[in-house]
Structures are given as structure tokens and as C-alpha cells.
Ligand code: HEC
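One chain comes next, on its own, written as C-alpha cells: the form predicted on its own.
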């Protein structure tokens, strides 16, 4: 009996190690909102515009579901939100960052998801409970791309 308990204990310890970290273990990078922007990047490295464009046109969770823009290869772009063409002319890097991190700070009635927020959210899909929809690196990649859209 004691030997069985030891084996069960070892098995449970192995399961605990093999299981993914709880979502709540993912800490958000600290940031400061200044006016209508988050002026400082969420990471120590600049975002990559190429990766950012790939994220923008990805249909599973991001921008093209609601926005349209200069993506001629993409059929069936969204029409619920502003056109992303000219985003880099309309908003600064920091303003774009805040809109991605938590657009509800600017418009509490927005339908845009808070892509980098955990607290105070309602109706969160199971895959995103306790973790942000996008990582800090992904936010910075999208910002790097959107600032290139000048026309």
C-alpha cells in the first residue's frame, strides 16, 4: 500500500511537471498610459513589421476580422471597424499600441477586444482566460507594421 502511494505520488508529480503552466502565471509587461497612448514599447526590442503584417491578416483572432486595409490578396475583409490604410499617418506608435492593448480605455463601448489585458474582462473565451490574446512581442510587431501604413 505504501509502495502504491509512492508510485501515485511520483506519477502526480510527473503530471504536474508535464502540464502547461497555468495561464495566470503569464505576467503582463508593465506599461504606462500617457494621455491617449502607451509611448514606450512593451518589449526591449523593436517589433518586426513583416511578422506584424502576418498577424494583421491572420483570420483566427486579429485585425482583418473587423478591419479592412491594403491587403489585396485577402478576400472578405471586415467592415465593422475603421480601414487600416493610413494608420501610421492617423496615429502615433504609442496611440496604436494603446488601441491594441486596451481600446476600451479610449472608448468603453468599443467592440474591439483588449488584446493585452487580463483584469475586468467579461465573456472571455476559454482559450484566453487568464492570459492575453496577444503577447507583448506580437503587439509590438503589429504596431511596427501599422506605423508603415502611411496612405
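None of the values given here were measured: they were computed from a predicted structure. Positions refer to the first chain, counted from 1.
Here the subject shifts to the form predicted in complex with this ligand, a form of this protein not shown in this document.
Participant: Which of 120, 35, 125, 82 has a heavy atom within 4.5 Å of this ligand in the predicted complex?
Facilitator: Looking at 120, 35, 125, 82 one by one, just 82 meets the 4.5 Å heavy-atom criterion.
Participant: Evaluate residue 113 for contact with this ligand in the predicted complex, applying a 4.5 angstroms cut-off between non-hydrogen atoms, and reply yes or no.
Facilitator: Output for residue 113 is yes: heavy atoms within 4.5 Å of this ligand.
Participant: Is the gap between residue 91 and this ligand in the predicted complex 4.5 Å or less for some heavy atom pair?
Facilitator: Output for residue 91 is yes: heavy atoms within 4.5 Å of this ligand.
Participant: Taking any heavy atom pair closer than or equal to 4.5 Å as contact, tell me whether residue 29 reaches this ligand in the predicted complex.
Facilitator: Outside the cut-off, so no.
Participant: Give a yes or no for residue 99: in the predicted complex, does one of its heavy atoms lie within 4.5 Å of a heavy atom belonging to this ligand?
Facilitator: Although this ligand is absent here, residue 99 would touch it in the predicted complex, with heavy atoms inside 4.5 Å.
Participant: Verify the flagged residues 87, 107 and 142 against this ligand in the predicted complex: is each one within 4.5 Å by a non-hydrogen atom?
Facilitator: Yes.
Participant: Counting only heavy atoms, which residues in 128 to 151 are within 4.5 Å of this ligand in the predicted complex?
Facilitator: Those in contact are 134, 142, 146.
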